[in-house]
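The chain that follows stands alone, in the form predicted on its own, written as structure tokens.
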């Protein structure tokens, strides 16, 4: 079985993977609801960090818990807890970003039995000189709470090992992304997304091994179709592999992305310092920002435009989860920037109640228009 096939298998059986890991290692499994949760700290305590994901199924169990104007992803994620699909979790963690995900966390903590939960207050003003010290204090609180819950003392050596493993993980995924710059692409956007989402569900040691296998396979791997238009995806949380496969079947390939189940999650490393918690805090304050915590648009915009150029982007899909205000505010500025670069853009609003057929029609029309401009 190839590394890509293994990633796909783990995504399809992610709950069983976590249960098997728990039984095999005797460790605890902790869910997390935002990429600003420091997975290094959880792993250093012997925990398996598992991102809470939805199923993209229409559901109605969250109506009594969340307002109807909460984004579909947050509602879907809470539904999985209420339905008992994460009944193997020992803990749940959340870092303050958007109010919608916070609503998921609060309701999960209140109405889904779980032994341990912890909320991390992420500073709003990342540019403040007090931001890193503030977050470091929050991480110290998390460390002490984990130690009390597990009975495990997290040493500097434990933190060093976890930081090294996750930095290696990020470096290897960036190396895979370098292959997507090629004219002769060896990997699709859907396959790359499976790799990244799997990194948010698996033991980092096992994921690193699969990444090494994948990097050995890619030089000799060829797609069984033409790459078509080179597309960039930017927007809200996106783990809907089925949608991305459908998108690429229409005559394009996603060569680069900017979302929290893509490059935004893993692009920046922890720079080691003697103060380990301070180093982790600095990484999460200065990392590629989500619009929900970005106080300056250029902080994101400049990096996005550079990626678009580096990966030779020919078209851009700007998307948002319905009711996702941070990304909705982001889209006009990004669209204008791409217009100045003569790169066509398509804006889509995601909702699990919208049939793919509507998206398919709009995407087909966009690709036809974009190809006329590019080719």
Partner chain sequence: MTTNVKYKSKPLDCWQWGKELRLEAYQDLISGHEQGKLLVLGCAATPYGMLAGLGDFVFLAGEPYGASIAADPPFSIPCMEAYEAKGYSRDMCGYMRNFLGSMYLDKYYFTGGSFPKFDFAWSVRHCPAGHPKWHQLVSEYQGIPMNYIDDETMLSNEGDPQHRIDYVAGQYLDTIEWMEKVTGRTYDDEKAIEAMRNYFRNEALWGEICLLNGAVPAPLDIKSLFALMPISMLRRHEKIATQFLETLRDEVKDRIANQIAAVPTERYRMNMLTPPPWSFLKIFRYLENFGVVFVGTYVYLINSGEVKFLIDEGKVIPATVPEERPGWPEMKNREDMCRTIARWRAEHPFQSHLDTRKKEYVILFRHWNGDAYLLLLNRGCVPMTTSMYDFQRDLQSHGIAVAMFEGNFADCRDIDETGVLDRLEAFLEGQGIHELKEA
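These figures come from a predicted structure and were not determined experimentally. Numbering follows the first chain given and starts at 1.
Separately, the form predicted in complex with the partner chain exists; it is not shown, and the next lines address it.
Look at 259-267, 125-133, 200-208, 225-233: in the predicted complex, residues with non-hydrogen atoms within 4.5 angstroms of the partner chain sit in 125-133.
Relative to the partner chain in the predicted complex, residues 98, 138 and 329 are all within 4.5 Å by at least one heavy atom.
In the predicted complex, the partner chain sits within 4.5 Å of a heavy atom of residue 323. The shortest heavy atom separation between residue 64 and the partner chain in the predicted complex is within 4.5 Å. The partner chain in the predicted complex is approached by residue 117, whose closest heavy atom lies within 4.5 angstroms of it.
For residue 69, a non-hydrogen atom is located within 4.5 Å of the partner chain in the predicted complex, even though that partner is not displayed.
Contact with the partner chain in the predicted complex, judged by any heavy atom within 4.5 Å, is made by just one of 167, 150, 102, 182: 102. Here is the short version: of 303, 174, 109, 245, the single residue with a heavy atom within 4.5 Å of the partner chain in the predicted complex is 109.
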